[in-house]
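Next comes just one chain, in structure tokens: the form predicted alone.
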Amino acid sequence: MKQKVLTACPRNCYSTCSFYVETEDNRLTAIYPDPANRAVPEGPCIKGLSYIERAGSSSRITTPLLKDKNGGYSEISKEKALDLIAEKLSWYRDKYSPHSVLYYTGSGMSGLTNSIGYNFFSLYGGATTTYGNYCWPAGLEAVRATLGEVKHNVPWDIENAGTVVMWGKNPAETNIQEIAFISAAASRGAKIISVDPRRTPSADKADIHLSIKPGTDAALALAVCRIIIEKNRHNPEFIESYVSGYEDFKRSLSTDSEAAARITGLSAKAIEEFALMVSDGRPLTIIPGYGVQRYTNGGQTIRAILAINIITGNLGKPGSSFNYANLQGYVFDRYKEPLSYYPEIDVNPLFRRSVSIARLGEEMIAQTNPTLRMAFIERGNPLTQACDTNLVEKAFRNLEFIVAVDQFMNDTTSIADLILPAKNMFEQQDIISSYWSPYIFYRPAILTPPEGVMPETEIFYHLAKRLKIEFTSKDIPEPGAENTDRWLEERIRGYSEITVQTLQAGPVIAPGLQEIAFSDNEFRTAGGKINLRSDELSERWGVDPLPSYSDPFSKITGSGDYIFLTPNNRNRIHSQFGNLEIIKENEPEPLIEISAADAAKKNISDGDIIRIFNERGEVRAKVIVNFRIKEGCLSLPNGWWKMEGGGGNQLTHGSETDMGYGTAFLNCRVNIEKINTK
């Protein structure tokens, strides 16, 4: 019998689409838009549509797999798999301490039930965990310290903008619903500008594309601020009423358009025209991508770009917004990101948060008293996604026993000693929110998992039973949908008036939502004003208290003549989806993008095989030669597995951003060598 049910996508993606799925005989058969969701009324992207294949994929792992002495895998029962894991956990805890176990989690699937894993390991006695984040914390910290909280106008308000700047963001591929609002703004007369080293599909839709040298965005932003002030195009009334540190900021602006041109690779004229366009009195929305803050100067870069909105008074009004992240839907979090990533926040002695996610391999190896001996990995693929993944692989191979919970065989599961099959998003209910739109969603259990598959909540329940750990239903629910719903109800109680029953009726707008963020001109900083100068950031992170530019490549970041970019694209969310046939039809193999000018210097033609390398590793793949990437840069999309011929993070260096414990993936240089012709 056919069913049509509303659900929402739990991937680490801006959109967090809600959509209807049709099922028949425990199979997904169709996907339809949810027109009631104002953020995504036209439905999900190609990855969302691919859930039909993903949910029923023949390559999905549906039975526990145990590695044998020859490196192959054989199927074992759920009971034997759980017995073995419990035996190993007991042994390492009793022999060496619970901190000899690394509990590694990624962002593969969001939801409140993910905290059950931490509940289990807390009851187990603790574990070693990571701190920081791969994705976006430098920018979050910059916005939090400047504005007091991280939020922006609702997505559909973009239509009210007179000027839209996509600064290092490519929503036509990575946030396709947003490009619809940008196009609507353009149809109403808005000027659309793209700042990006690559001419992306989003840049194709812009009136102006500024092809900037990677990592120099702060220099451009600060020069723009100087021009705006010198031309008296700032907003003195807004500054006087709501901004702290303006005079110090004004005095610090030493980079003029000529100096910025030398740094950024843009012309001084283009910089001056850009400054006039963003300060013409029309509502300005700036949409920075996460790539601009994945450098060692990343947080300062976001502060510098945000300063344009601040000095022009483009906050708190329709069409006027800084759209980095909107955490208004994070109503069930005790600590909102980025604070939840910090090891010094809410210190729990049971969890030794001593491994920086940015320096994962190096710091796993460095752990002592005790050394790491076992790992339990869920919702993550660190051997693809972590910097310097050859070193990360070495660190994991140093361990004595690895458990990985996943749906598919990938770079990480391929080195695990025991693989537990993971549930998919349709096989267990949960509650999720978006970091772009203001909605909160209940995700129902729609399909019954295959016989060998357990939701992670059940894995931890059965492990706790085997380890004879005393726990309550508040810690870990018993198996069953009703028990999970009761756990969710208990989990969200006290945070708001929202209940599970409310969410089951459909997506809910976050309580207290400001459709126009900061429309009350209230800023939750210590002084109640916007902080152009932040002594807090200076004291916590050792950065300049004022937004500033520093060359991210001035430090040793790898030998090489080319800057290596690893952007997201439409076909993957980090390392997910690329193994599906529908995605392979669009992108069958990794391609390295190079400018025609650089290709000519190396006698490289379109379709040649090239080797990109530095002292950390190498990748060999076909090259695509075009005029869409800035000279001196190479690009390979993020998320290609090493086993697929990708693995760009073999080349990246494990270093942190200037604030927020973020990961400076893009502080990376490489060399190139032609291997053969097509």
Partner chain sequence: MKGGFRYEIDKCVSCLACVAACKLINGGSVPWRQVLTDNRKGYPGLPVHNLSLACNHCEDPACLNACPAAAYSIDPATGAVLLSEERCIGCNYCFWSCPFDAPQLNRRSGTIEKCHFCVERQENNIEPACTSACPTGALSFDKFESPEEQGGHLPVTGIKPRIRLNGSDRWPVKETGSGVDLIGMGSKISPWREWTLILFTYLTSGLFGLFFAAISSISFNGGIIYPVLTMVTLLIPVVHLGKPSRAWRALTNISKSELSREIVVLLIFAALSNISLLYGGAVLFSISFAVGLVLLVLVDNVYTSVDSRIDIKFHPGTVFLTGLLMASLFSGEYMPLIFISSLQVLLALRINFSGATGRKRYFTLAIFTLLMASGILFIMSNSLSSIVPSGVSFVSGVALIMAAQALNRIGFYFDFKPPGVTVMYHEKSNQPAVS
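The model shown is predicted, which means the values in this text are computed figures rather than measured ones. Residue numbers count along the first chain shown, from 1.
Quick note: we don't show the form predicted together with its partner chain, though the next part is all about it.
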Q. Does its partner chain come within 4.5 Å of a heavy atom in each of 61, 423 and 479 in the predicted complex?
A. no
Q.
Quick check for you: of 196 to 204, 461 to 469, 108 to 116, 291 to 299, which stretch puts a non-hydrogen atom within 4.5 Å of its partner chain in the predicted complex?
A. 196 to 204
Q. Should residue 180 be counted as a contact of its partner chain in the predicted complex, where contact means heavy atoms within 4.5 Å?
A. yes
**Q.** Partner proximity in the predicted complex: residue 513 to its partner chain, non-hydrogen atom cutoff 4.5 Å
**A.** no
Q | Close approach of residue 44 to its partner chain in the predicted complex, 4.5 Å, heavy atom | A | yes
**Q.** residue 33: touches its partner chain in the predicted complex, heavy atom cutoff 4.5 angstroms
**A.** yes
**Q.** Single option in 273, 522, 606, 75 placed near its partner chain in the predicted complex, where near means a heavy atom within 4.5 Å
**A.** 606
**Q.** its partner chain: the contacting residue among 135, 176, 565, 227 in the predicted complex [heavy atom, 4.5 Å]
**A.** 176
**Q.** Residues in 564 to 595 with any heavy atom within 4.5 Å of its partner chain in the predicted complex
**A.** 570, 582, 585, 586
